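As structure tokens, one chain now follows by itself in the form predicted alone.
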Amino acid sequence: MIRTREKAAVVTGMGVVTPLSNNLERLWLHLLAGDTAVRHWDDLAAEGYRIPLAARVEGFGGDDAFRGSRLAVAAARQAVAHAGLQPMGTLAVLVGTTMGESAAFEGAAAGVTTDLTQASAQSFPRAIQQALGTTGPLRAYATACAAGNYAIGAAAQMVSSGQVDYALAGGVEPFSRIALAGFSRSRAMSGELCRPFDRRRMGMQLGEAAGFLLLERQQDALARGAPILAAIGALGLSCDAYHPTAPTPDGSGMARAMELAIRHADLSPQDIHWICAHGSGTRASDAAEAQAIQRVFGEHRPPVSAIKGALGHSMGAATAVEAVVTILALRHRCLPPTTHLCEPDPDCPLDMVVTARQPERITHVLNCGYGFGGLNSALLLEAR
């Protein structure tokens, strides 16, 4: 990424649609309070799902073939409005997702006539572009649970290098019964609470969400008097190539992504003041992530939070929503708690944030997301 301050890609707007709230400040207050959106769903129980628990967004209609596009457009509009921008002309739209419009594929499997060419990951940036009436590059990233970070990092590069003036970047994931069945059958889901890094953790729970950032060059934001919320420092990526679903047990691939982000930003591990962890609540993933953090930071021990106990795991949207939360933490100078963490696992000896905490300093933070196939991402964000 371009490191000169004037050309740095900065965030001037954010938008979210989550099961806890579709409002940035209300979402933040829910997270500080330790609230959760995960609950029992009668329709999922009636359909025979072994674990009918999930975090779903209410108020966006049924599970039709274009639910994901509605979620994405709502969050994108919010980000543009938050930035005070009327995007006339070139606006890049970069979207991460895992399943695309999964309800369309579920319908096709049930015999419903559906044009599946309109249900791929590329349908999301197209829908946003059409809704906003803009032109510009469209990109979709199907890089599992790291997809939001991929989209934001690529957008920052496009903006800072001058390819585009503005970019909307983030992720969206509508609720997916395909994913619910798959995670349940793999025994990765908890039938109780999702407790990241807790000694009693039993697994994840599925969520859905959309989250987007509006990016532009710092010099342009200052020229139009836009509020600068944060800067994109660097993106570190790696791939384990170890197993289709399991991380490398020693966390070395995850550590590599964090090390690259820190190095690309010309920082040292001691400069990192907080980590928004992947924290899926599964035994293997949390253990590997804890080892990765220890490997990178040693005795430095930056505080760590994980919010999937509050919002569920929204797969391709997870790191995008968590990037929004990370920027809220920078703005409020406060670290959100790890929802449902009651007994920190002694085998994960991290400085876990159990209750909301106000650190002495918070200027550089990491937003981490790791996906199936060994796709590892660490996005470094800087206070402005």
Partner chain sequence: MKATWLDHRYREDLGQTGSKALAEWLGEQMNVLLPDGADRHRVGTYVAAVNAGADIAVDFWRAALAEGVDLVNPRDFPWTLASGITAHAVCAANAQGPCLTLIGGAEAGISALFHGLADLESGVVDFALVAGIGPIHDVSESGMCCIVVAALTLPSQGGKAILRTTTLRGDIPPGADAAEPLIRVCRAVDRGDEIVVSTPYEDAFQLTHYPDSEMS
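Numbering follows the first chain given and starts at 1. Computed from a predicted model, the values in this text were never measured in an experiment.
There is another form of the same protein, the form predicted together with its partner chain; it is not shown, and what comes next is about it.
Asks: How about P269 - does it come within 4.5 Å of its partner chain in the model of the complex, if we only consider non-hydrogen atoms?
Replies: Heavy-atom contact with its partner chain at 4.5 Å: absent for P269.
Asks: Would P137 show up as a contact with its partner chain in the model of the complex if we use heavy atoms at 4.5 Å?
Replies: Output for P137 is yes: heavy atoms within 4.5 Å of its partner chain.
Asks: Does any part of A144 reach within 4.5 Å of its partner chain in the model of the complex? Heavy atoms only, please.
Replies: Yes - in the model of the complex, heavy atoms of A144 and its partner chain come within 4.5 Å of each other.
Asks: Does A108 make contact with its partner chain in the model of the complex, using a 4.5 Å heavy atom cut-off?
Replies: Yes, contact at 4.5 Å.
Asks: With the partner absent here, would Y49, L116 and R256 each sit within 4.5 Å of its partner chain in the model of the complex, counting heavy atoms only?
Replies: Yes: each residue has a heavy atom within 4.5 Å of the partner.
Asks: Note which of A131, A74, A226, A154 lies within 4.5 Å of its partner chain in the model of the complex, where distance is taken over heavy atoms; exactly one does.
Replies: The option sitting close enough to the partner is A154.
Asks: Of A284, A81, L222, A181, which residue is found within 4.5 angstroms of its partner chain in the model of the complex when only non-hydrogen atoms are counted?
Replies: Contact with its partner chain in the model of the complex is made by A181 alone.
Asks: Can you tell me which of 212-220, 273-281, 296-304, 185-193 lies within 4.5 Å of its partner chain in the model of the complex, counting heavy atoms only?
Replies: Comparing against its partner chain in the model of the complex, the contact stretch is 185-193.
Asks: Where, within 114-130, is there a heavy atom within 4.5 Å of its partner chain in the model of the complex? Residue list please.
Replies: If the 4.5 Å heavy-atom criterion is applied to its partner chain in the model of the complex, 114-130 yields L116, S120, A121, Q122.
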